[in-house]
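In the form predicted on its own, a lone chain appears below as structure tokens.
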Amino acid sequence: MLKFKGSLKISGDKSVSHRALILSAMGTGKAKITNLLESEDVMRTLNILKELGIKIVKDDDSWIVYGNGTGGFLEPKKSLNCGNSGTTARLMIGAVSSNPINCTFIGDESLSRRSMSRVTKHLEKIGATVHLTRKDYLPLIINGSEKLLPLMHNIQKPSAQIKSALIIAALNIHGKTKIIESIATRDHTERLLKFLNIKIKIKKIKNKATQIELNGPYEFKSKSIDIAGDPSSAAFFIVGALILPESRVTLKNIMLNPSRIAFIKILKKMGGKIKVKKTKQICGEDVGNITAEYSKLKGITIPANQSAYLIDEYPVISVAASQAKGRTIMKGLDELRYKESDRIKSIVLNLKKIGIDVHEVNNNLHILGKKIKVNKDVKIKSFGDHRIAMSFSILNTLHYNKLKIDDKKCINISYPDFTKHLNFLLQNK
């Protein structure tokens, strides 16, 4: 029987890779970025920055970015292709908005169905001119301005991408910009700004909301950035170890940002044997090693107030739930409708194909765990969603590769070394 064994250094964090490139481009001087995730998504951001006049070169295993300053983007000669990357689209729209240039953003079929007005409505309010397809989608044309207004933005629906887009725009806005989050989201942008010695004020205000204040414009010197391993990528192998008998893995150099490892608390509540050991701090982020071993899991209820912190991990948590004793209920998953696929639909359809009792009620997902032996090949539909493809690749290890995933190429969007790392851990028996 297959089992996960051994230790592994996970690829660089996707969220920080995007932000490291963008902020290095907006600094002045030379920045060396190590352990950059060279996935399709991150390369979209890198190539768009090149189109905007930023010099970026590969140097052995590192990338060198020559920053042009916060107002240093040049008008591109062609459309800026974001591919499948929502992070690229939303953060780069924010980045160019405070430069006096015209840009056209395009994306693939999946990204062109994802809302952009959630970002652009804020940018229009402060003076950028935006033309959206069908008032909400890519392709998008934005005319930036050096004279954007320093205003207050209330973000009602939690989104780290929207917050980060506004922070990045505010770096080149004259005066005080305030951004209020009703529910806190991932804070990678804020941590990187602090590491780069960019002074912003962050404080808690009434009703547990967070206020971020920037007083621009800023000029800052670029610094070398080392990127820790991606916890969302680690989650696949952690779940793999929990559900495959006799498994035990140690994943090294993982970012331990509290907003990114909520899934570990969830898996522990389900009975998962997981140990986390902090080892150091890299560029404002705590880093450490995570060890997981086979466990008898039980179903739990995951409240809606956790959804902002589990958005990327729900697919693989669903795989864990399918092997747990009893029922797991995940509440408040409406944001999953608007990811690379409608992930609620993707999870339900594929788990049902295997024979798991799963259904959705008002954006709440109910999964009744069951040990099932798959006797014939089952076609798994990824919907071009990398996290669905990877999650069912993990479940596939329990079913002796009888789950036939229709599109594994989409995994390259976020984790090009996934299959190599999967095979490495499975071969260490």
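So that there is no doubt, residue numbering starts at 1 and follows the sequence shown. Quick caveat, the model's predicted, so the values are computed rather than measured.
This next part talks about the form predicted in complex with a small molecule, which is not shown.
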Check: Hey, in the predicted bound form, is Asp312 touching the small molecule, heavy atoms inside 4.5 Å?
Finding: yes
Notebook entry, point to check: Quick one: is His122 in contact with the small molecule in the predicted bound form, heavy atoms, 4.5 Å cut-off?
Noted result: no
Check: Heavy atoms within 4.5 Å of the small molecule in the predicted bound form: does Lys339 have any?
Finding: yes
Next item on the list: Could you confirm whether His153 comes within 4.5 Å of the small molecule in the predicted bound form, counting heavy atoms only?
Entry: no
Margin query: Can you pick out, from Pro158, Gly127, Gly332, Gly299, the residue that has a heavy atom within 4.5 Å of the small molecule in the predicted bound form?
Written below: Pro158
Next item on the list: Consider the chain as shown here, without its partner, and state which of Asn257, Thr87, Asn253, Thr177 has a heavy atom within 4.5 Å of the small molecule in the predicted bound form.
Entry: Thr87
Check: Among 158-166, 345-353, 73-81, 142-150, which stretch has residues with heavy atoms no more than 4.5 Å from the small molecule in the predicted bound form?
Finding: 158-166
